[in-house]
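Here we start with a single chain on its own, the form predicted alone, put down as structure tokens.
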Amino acid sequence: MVVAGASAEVTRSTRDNPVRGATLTLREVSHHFDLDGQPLPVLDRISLRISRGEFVALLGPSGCGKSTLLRLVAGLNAPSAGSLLVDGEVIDGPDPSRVVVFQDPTLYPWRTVWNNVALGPEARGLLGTHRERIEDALRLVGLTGFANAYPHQLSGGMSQRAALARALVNDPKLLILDEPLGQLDSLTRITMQSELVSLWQRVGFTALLVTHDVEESLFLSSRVVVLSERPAQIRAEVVNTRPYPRHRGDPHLAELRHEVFARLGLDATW
């Protein structure tokens, strides 16, 4: 099912925690970079609303501006035109309630897992009052037994779990995921996809994911936003109403995959 300009209703189990995430609104967002004195358009009038507690994936050709859009949402850059709002407030810079998880875990090799996860509270002078929260974050990602380990002692999947714990310790309302599983081997990636869904359901944050993996986008999200070539515009929105947990062999997911490939202009290869 393809819906343009609509927001998907979040499907959750009655066992899940209450939704605590933020509402994200993009209004006619455009952005360009200066290249040799000339503007290079990257985003073109992107309008999008993501509901509280929704999991949305962004798909599009390489270099179309997906990561740029995430940086604007994170407040790391300001848009050239338009506005971005969280819970009705304009994004005018970074905030602990909006946390980015990158493809590279970027753990400090000289710090233990516990101390890497503690970076946010430590930087804000809250380490003394946030020790229990750090322990909770490690427990959420299954790393309690590795609190004193160093990054070189971790597998790729464990390193990414540590990066997720470092994000969760800030109790984010919006988790911004820039291909966080892109460097993992296929088996670890499949495992981490399920763990990411579980975290989202338990914690209740809003999630915005950039990925190049069509199957991953459909397995994780309630809505897939398909972007065009640069300068990116929204080409389509594919709503996935399948309940969680999802099964990769589901014929309905295969139909949605075909639909997404068609929207990307790749249906001839399907």
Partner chain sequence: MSSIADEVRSGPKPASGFLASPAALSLIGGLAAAAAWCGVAAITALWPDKPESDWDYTGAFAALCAAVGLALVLAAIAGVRFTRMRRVRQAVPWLLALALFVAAWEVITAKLGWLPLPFFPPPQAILEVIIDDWTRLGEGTIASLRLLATGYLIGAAIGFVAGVAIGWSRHASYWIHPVLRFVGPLPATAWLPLAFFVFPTSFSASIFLIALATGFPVTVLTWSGVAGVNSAYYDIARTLGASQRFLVLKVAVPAAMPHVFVGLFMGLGTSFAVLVVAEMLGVKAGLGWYLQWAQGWAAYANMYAALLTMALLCSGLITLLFRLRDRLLSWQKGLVRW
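Bear in mind that the values here come from a model prediction, so they are computed numbers and not experimental data. Numbering follows the first chain given and starts at 1.
Not on display, but discussed next: the form predicted in complex with its partner chain.
*Asks:* Among 193 to 201, 180 to 188, 145 to 153, 82 to 90, which stretch has residues whose heavy atoms lie within 4.5 Å of its partner chain in the predicted bound form?
*Replies:* It is 145 to 153 that comes within 4.5 Å of the partner.
*Asks:* Given that the partner is absent here, does P109 sit within 4.5 Å of its partner chain in the predicted bound form, heavy atoms only?
*Replies:* Yes.
*Asks:* Would E122 show up as a contact with its partner chain in the predicted bound form if we use heavy atoms at 4.5 Å?
*Replies:* Result yes; E122 sits at the interface with its partner chain in the predicted bound form.
*Asks:* Does G157 reach its partner chain in the predicted bound form if we count a contact as any heavy atom within 4.5 Å?
*Replies:* G157: no, not in contact with its partner chain in the predicted bound form.
*Asks:* Does its partner chain come within 4.5 Å of any heavy atom of V99 in the predicted bound form?
*Replies:* Yes, V99 is a contact residue.
*Asks:* Could you pull out the residues of 163 to 183 that have any heavy atom within 4.5 Å of its partner chain in the predicted bound form?
*Replies:* Going through 163 to 183 in order - heavy atoms within 4.5 Å of its partner chain in the predicted bound form - the hits are R166, N170.
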